[in-house]
Every structure is written in structure tokens, then in C-alpha cells.
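Next up: just one chain, as C-alpha cells, the form predicted alone.
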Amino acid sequence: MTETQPAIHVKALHKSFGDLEVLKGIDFRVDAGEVVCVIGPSGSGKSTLLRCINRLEDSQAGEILIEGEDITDLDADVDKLRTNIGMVFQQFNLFPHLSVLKNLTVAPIGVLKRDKAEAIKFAHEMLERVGLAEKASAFPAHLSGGQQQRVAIARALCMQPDMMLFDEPTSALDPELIGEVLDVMRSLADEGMTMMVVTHEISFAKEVADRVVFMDGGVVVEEGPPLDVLDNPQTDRARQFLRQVKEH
């Protein structure tokens, strides 16, 4: 990948559900090694944008280039694409009937055809990385929400992706558990992982993001360095949104 080629490049993206246009010509990019936090009110199109980038939703018009490859092309290998993009959802989406270790190894062994012993060894390393080395044999139901989300991050990392997408990863968590998940995300950012994070955690965005994007009504209203967008927003809509967030 050349230095000038973005990891993710969205061009004039449109997405509708029936008559409801959710994304109205989005232009958006994330450079390799960059952390971009996307903020905005519910219904602004943030999660839909993320799901289009991972082809969980099909768009009606526009292009999405992942490391230069147009993944909206009908001939695009979507399964291969997904092995390069780790995705962490609001709900943890762990397999309840599998142990933590099995949750982490099922895709590397089944999809990437990794050697089983290697996959298990790497999974243990990823569990240690998220602070859950002792939970390998536990089942998801026996973990707190914060632990489940950290397992979900470890599971995504077991695919050794080039980039990570996070869709409001802390919004389903009790307040006291949010910090442990954000700590793991901070460490990934520090290691240079390319990350796109849809979040309501304004303080996290301020601290970790290279760039903050504010979306509303299916368009990008404002974007720039965190201190510009979060502390000195240029639009009335962004000012109003950030004021409401601070009041809660």
C-alpha cells in the first residue's frame, strides 16, 4: 500500500432503506495507522456507514475502496475483505455455546485454515493482551459485559486484521465497565492499528482520535482534529449536539 492510498476511502456513498435515505453522498477516508472517531446523534447514519464499509449492508451508489480495492464491485471477494477488517459490535455477538478460547479460534481455523495449535497459541496471546488470560475456558454467560466485549476485541484480533471497525463498543455496558474496554482500544491505537470508531465517548475521542467526524442527517457536517471539532465546533448543529452530550 502506498503512503498516499487511504486504508478506507468512501466516495459519494448513498444508502437507503426503502424510501428512507440514510447516507446522502458520504465522502470519507481513514489513512493507514489513523484513528478516526465518528460522532453524532442517533439516526445520523454512523453505524450504517460502518456496516457498508464491511459490506454487511449494500449501498445504492458510490464507491468504497479498502486499501485501493473497490469492494462495492460485484466481483469483489467480500469474505477475503472481511478477514482484513476486524469488526466489534455494540452487542458482543459471541457464540454462547462455545468457550472463550473456541470463540477465538473458530474463524482462524475454519476460515483462514490456520494450524490448530498455532491458532490456540495466538488466541492465548490475544486474551493476555486484553487482560483475560485466565478466562480461556469460561463461557460468555459467566463473563461481565466488559469482559465479553474484550473477548470480542480479542476475537477480531485473532484474524490479524489490517484495520478495526468499532460500532459503539461501550454503549451496552454499565458505566463502571466502560473503562476496561476503552483501555484495550487505547493500547491498539498506541500500537498503530488503523481504527474507525463510532462512539458517544467524547473524552475518549478527544484523547485517542487523530480526527473526529461529526455526522448528522446522513452527511458529514464537520471533521478535523479532535480539539477543533470537539472544543471549537464551526457549525450550530455540532455545537448543539456537543452541548447536549456534555449535559448528560
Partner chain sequence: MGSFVLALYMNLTPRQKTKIYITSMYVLAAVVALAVGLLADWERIGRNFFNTEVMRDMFPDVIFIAAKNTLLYTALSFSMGLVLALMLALMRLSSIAPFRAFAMVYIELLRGLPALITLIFVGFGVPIAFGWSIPGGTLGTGSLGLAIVAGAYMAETIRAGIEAVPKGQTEAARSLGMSKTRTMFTITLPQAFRIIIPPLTNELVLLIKDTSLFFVLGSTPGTKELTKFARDFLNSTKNATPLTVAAIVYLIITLPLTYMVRRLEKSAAKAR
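Here the structure is a predicted model, which means the values were calculated and not measured. Positions refer to the first chain, counted from 1.
Only in words, not in the display: the form predicted together with the partner chain, which the text now covers.
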| task | Answer for Asn54 alone: is it within 4.5 Å of the partner chain in the model of the complex, judged on heavy atom distances? | result | yes
| message | If we define contact as a non-hydrogen atom of the residue within 4.5 angstroms of the partner, is Arg155 a contact of the partner chain in the model of the complex? | response | yes
| request: Determine whether any heavy atom of Ala119 comes within 4.5 Å of a heavy atom of the partner chain in the model of the complex, and answer yes or no. | output: no
| Interface membership of Ala76, the partner chain in the model of the complex, 4.5 Å heavy atom rule | no
| Just one of 174-182, 92-100, 119-127, 67-75 has heavy atoms within 4.5 Å of the partner chain in the model of the complex; which? | 92-100
| task | Scan 108-145 and note down the residues that get a heavy atom within 4.5 Å of the partner chain in the model of the complex; none is a fine answer too. | result | Gly110, Val111, Lys113
